[in-house]
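Heads up, the chain below is alone and in the form predicted on its own; it's given as C-alpha cells.
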C-alpha cells in the first residue's frame, strides 16, 4: 500500500527529446531550406564594391588623414606619444642594430651584444642557461639575419618594457581591488578574443605606419597578459601571511612590498615571460605596419612562396623565442628555490658575477674597436644549406607524398568545407541567422541566443555577411578537426605519464612559435588554398587543446577510474563512459580556446588564399581606397569572435550548473 502511495506522490518523469536529435533536426531543416532557396538574399558584395558602412568609414579615415596637423587630439596626444615611442625604439636600435651617426656600427657590436645577453641571463638564472642563451643568439647570427634579428629584438624589448610598466601596476590594482578586477576583466576577455591582425589597421590609421605604430599594436596585444598574470599572482597569495601582517600593524604599502609582491613573484616572472614571448610573436605580423626585423623576410617568403628563405627567417624567430622562454623559465625555477644559499655559494656567485662582468666589459670595448667583433662574420653563414634543405624537403615530400597532401586537401574541401560554406553563404541570411540562433539556444540557453541574435544583426549591418560566413566556415571546420586530434592526444597524455613526457616539449614549443611561422611549411605542403589556412589553424591550436584535455583527464577522481576497472570495463569503456564525461568541462573549455586560436590563424590565412575577412583586412592595408572596407572587416572579425566566445562561454556555464 505504501509503495502505491509513493508512486502516486512521485511525479512521472518528463520525457525530453535528446539535444543531439534537436541539433540534427535544425541542420536538416536548414539544409533543405538552403537547397530550395540557394543563392537568394545572401548579401553578397564584390571585392571592389563598398558597403554603406565601409564607404562612411573610408570618408572618415580620409578626413582624419587630411586634418592630422590641425586636430588637437593628434597635435597634443597622438603625435607626442608617437614621437616618444619612435625615439625609444630608435635609441635601442642604435645600441644593438643601427649604426650611429658618423659611425659604421651601433653602440654595441655583435660580440658586445653576445656578452651582454650572456651576462644578464647569468645574473637572473645560472651559467648553464647563460651558455644556452649565447648559443641561441650566435645561431641567429649564423643564419645571416643578425641585423634583422636585432631590429626585432629592439622592438620586442621596447614593447615588453612599456607593457610591463603599464601592465604590472594595473595588475596589482586588479589583484588588490574587486572593483579594479571588474573593470579590467571585460577588456582582458575582449583582448583574448580579438585576432592579432585586427589591431593593425586602426593603430596605423592613428599612429601612421612605422616602428611606433608597430610597438603600440604589440603593446595592445601584450599588456592584457601582464595584467592578468600579475592580478592572478596577487590574488593567489595565501590569506594567513596577509592576515598575520595586518594583525602586526603593517600598512597597505608595506604589506604589498614585503608580503604580497614577494610571494607573487613567480607568477609575475611568468607574466614577464609570457609578455615577452607574445611581443616577439606579434612583432612578426607587425611588419605589415612598419615593424623592422624578421617579419619582413617571413612576409616576403609567404608572398613569393619561397619556403627556403621563409624557413630560415622562421628558424631565427624560433631561436629567439626559445632563448627568451628558457631564460625566463630558469628564472622561475630559481624563484622557486626556498633554501637559502650558503656563505660559500654566495661568495662564489659574487666572484662569478665579477669575472663575467669584466669579460662583458672587455667584449663591449673590443666590439667597438675591431671589425671582426663589430660585424657578425660573413664566413659563418648556414642560411643557404638550411634554405636548400627546406626547399628539397618540401618538394620531396610533395613529390613522394603529394597524393596524401592533395588527397587530404581534396577530401576535407569537398566533403566538409564546400558543403558547409555553401550552406552558410548560399542560404538566405535570415534563415542562416535563425539556424545559428537556434543552435546557440540549444547549446547555451536563452541568454546565449539573445547575444547571438544581436551580434548577427551587427554583422549584417557591416555589409560583409558573406565574407564573415566564409571565415566562420573555415573556423568551424578547423576547430572540428582540432578537437578530434586534440582529444585523442589529450586522452593519451592524460592517461600516460610517458606520453606526457614525450609530447610535452613539442606542446611547449608549439605554444612559443608565432602563428606566422606555421604558414610557411603549410604553404609548401598544400599550396595557396583555403585548406592551408585551416591546416595552419589546426597545428597552431592543437597544443593548448591537448594540454587542457590532458589536464581534465588527469583530474578525474581516482575512485571513478577504480570503480570502472573493478566493474570489468575495458580501456575504451573507461575513456568513453567515465573519463571523457567526467572531464566534460575541460572539453568545453578546450573547444572555447580552440575556436579562439583557430580564428586568429584563419584570419591571417588571407596570405595563403583563405579569402574571407582576413583577405579584406590585408587588402584594406595595401590599398588606400579600400581602407574603410578593411576596417569594417576587422569589426566583423571582432563581432564573429565575440559571438563564438559567448556561445562557448554560455555552453560551459549551462553544462557546469548543478542539475535540479
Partner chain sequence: MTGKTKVGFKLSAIAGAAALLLTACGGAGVDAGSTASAASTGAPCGSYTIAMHAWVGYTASAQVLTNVGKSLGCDIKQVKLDEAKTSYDAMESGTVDLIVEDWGGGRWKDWVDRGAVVDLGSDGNVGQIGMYVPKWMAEKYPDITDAANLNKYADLFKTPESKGKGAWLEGPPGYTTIGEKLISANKLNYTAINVGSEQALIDAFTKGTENKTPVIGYWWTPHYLLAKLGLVRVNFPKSTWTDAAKADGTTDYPASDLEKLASKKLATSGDAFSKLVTNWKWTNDDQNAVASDIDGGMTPEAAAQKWIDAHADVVASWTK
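Keep in mind it's a predicted model, so treat the numbers as computed, not measured. Positions refer to the first chain, counted from 1.
There is also a form predicted in complex with the partner chain; it is not shown, and the following applies to it.
Residue-level contacts in the predicted bound form: of 79, 413, 561, 433, one residue has a heavy atom within 4.5 Å of the partner chain, and it is 413. Only one of the listed residues (592, 51, 621, 42) places a non-hydrogen atom within 4.5 angstroms of the partner chain in the predicted bound form, and that residue is 621. Taking non-hydrogen atoms only, residue 368 approaches the partner chain to within 4.5 angstroms in the predicted bound form. Proximity of residue 608 to the partner chain in the predicted bound form falls within the 4.5 Å heavy atom cutoff. By the criterion of a heavy atom within 4.5 Å, residue 350 is counted among the residues contacting the partner chain in the predicted bound form. In the predicted bound form, residue 31 stays away from the partner chain, with no heavy atom inside 4.5 Å.
Partner contacts here mean any heavy atom within 4.5 Å of the partner chain in the predicted bound form, and among 133-141, 154-162, 373-381, 443-451 they occur only in 373-381. In sequence order, 46, 47, 48 are the residues of 41-60 having a heavy atom within 4.5 Å of the partner chain in the predicted bound form; the partner itself is omitted from this view.
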